[in-house]
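Shown here is one chain on its own, the form predicted on its own, set out as structure tokens.
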């Protein structure tokens, strides 16, 4: 019975991740990894690897919707993704070569940075119109977004969206849709490195995937009537707390 209980525990955690991440408008990986490490007691490298593989599964549904609605900027996605994917491979390779305790602390610092980016985005007015600019800077910045994805097991949307919206001046809805389309490709690149080394836990991947998909739907429905700014603020503070716990302060 213990494996079944463990699987149900993971799936219920996935439902919670899906609800919160969809309400905050951020990828589930940002919350999945600290939850696996701090609550479920999973080794940080296994958590990162399993998170990336789960992101591939869960991102397919949202990117399909965005493609059907014509919101994805394919030119931008195809231009930025090669450097993002390369960054993910480099990031994953760096993480695998480090001791787990150090990875945990590095991830904690990364989570603190991500939470601060989220806080800044919460109070920064997104660009709604404008011609896409600064392609070279966007490509270079995307490499580091991919590196963060590979190192920390996140989709990278928390960094890709501001890169496309604030640096390249892409409209916010287009940036979100394009980022969602790229997330699965970026996660695929990083997860290959972890899978080769045997860090992926199929029970975690399946459990979280089965939980996140209905959880995200429920979260999206619950969002009506709620101010997303305050949800994002709370979510950023939760990530900041998780980052501090992982660092060990």
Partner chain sequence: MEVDLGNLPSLLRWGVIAGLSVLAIGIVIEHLSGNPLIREAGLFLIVVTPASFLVSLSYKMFREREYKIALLSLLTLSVIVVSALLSLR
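Residue numbers count along the first chain shown, from 1. Here the structure is a predicted model, which means the values were calculated and not measured.
The same protein also exists as the form predicted together with its partner chain; that form is not shown, yet it is the one meant from here on.
Heavy atoms of every residue among 57, 85 and 206 are located within 4.5 Å of its partner chain in the predicted bound form. Checked against its partner chain in the predicted bound form, the residues 102, 74, 137, 94 give one hit for a heavy atom within 4.5 Å, which is 74. The closest heavy atom approach of residue 41 to its partner chain in the predicted bound form falls outside 4.5 Å. A residue is said to contact a partner when one of its heavy atoms sits within 4.5 Å of a partner heavy atom; residue 113 fails this definition for its partner chain in the predicted bound form, lying far away. In the predicted bound form, its partner chain lies farther than 4.5 Å from every heavy atom of residue 122. Among heavy atoms of residue 98, none comes within 4.5 Å of its partner chain in the predicted bound form. Figure note: of the listed segments 137-145, 74-82, 113-121, 155-163, the one touching its partner chain in the predicted bound form, with heavy atoms no more than 4.5 Å away, is 74-82.
Counting a residue when any of its non-hydrogen atoms is within 4.5 Å of its partner chain in the predicted bound form, the one hit in 33-55 is 53.
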